[in-house]
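Listed next as structure tokens is one chain, alone, in the form predicted on its own.
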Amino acid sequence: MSDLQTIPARRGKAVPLKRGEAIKIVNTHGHQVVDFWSFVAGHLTEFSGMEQCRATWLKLCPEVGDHLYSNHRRPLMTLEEDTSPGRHDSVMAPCDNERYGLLGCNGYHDNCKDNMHAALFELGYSVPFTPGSLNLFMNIPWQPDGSLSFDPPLSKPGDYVVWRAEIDCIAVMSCCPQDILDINNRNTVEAHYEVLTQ
């Protein structure tokens, strides 16, 4: 077991995981969304695919025991623990600078797309695309008429998830910098993670 590490507010972190290792992602303050991706080590063109996950889960949020599936429909990770209310989002794309422009921002705004690429770059990797993210702790209620909304989180301080690697992979996390909508209570803060061995 490693020490608890920080995902800085509005920034990202990437962590290599060997098969059998797990990553515990802690919503330290209870209201911080963490965008999450998994890439196959050595083959970064294979990565967690939200379309493939939803088609296999037959639901919008993963539950304990569910796999995170790749764009080639292989299980990359397994959700082993979830102390939160279980509301995570698999629909919304990671935020990018263009998104903030549509929300009225002038100039550059920190965003999850750039955080993902910066985190991979710190490990010496680069990819020319941005996969859809699994947005941990993000509360996007859906209605029978198909409408969606950006609502405050349901998680509590200290809530966490544990994802176990089924193959060697790279886990990437971004503390979402969204401070215009309610998803982070308009107060972006740090979160924490820990690598767990078997």
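In case it trips you up, residue 1 is the first one in the sequence shown, and so on. What you are looking at is a predicted structure, and each value in this text was computed from that prediction instead of being measured.
Keep in mind the form predicted in complex with a further copy of the same chain is missing from the figure; the text below concerns it.
- With a 4.5 Å cutoff on heavy atoms, L60 counts as touching a further copy of the same chain in the predicted bound form.
- a further copy of the same chain in the predicted bound form comes within 4.5 Å of a heavy atom belonging to V91.
- The shortest heavy atom separation between C95 and a further copy of the same chain in the predicted bound form is within 4.5 Å.
- Using a 4.5 angstroms threshold between heavy atoms, H29 stays clear of a further copy of the same chain in the predicted bound form.
- Taking a 4.5 Å heavy atom cutoff to a further copy of the same chain in the predicted bound form, the contacting residues in 41-70 are E51, Q52, R54, A55, T56, L58, K59, L60.
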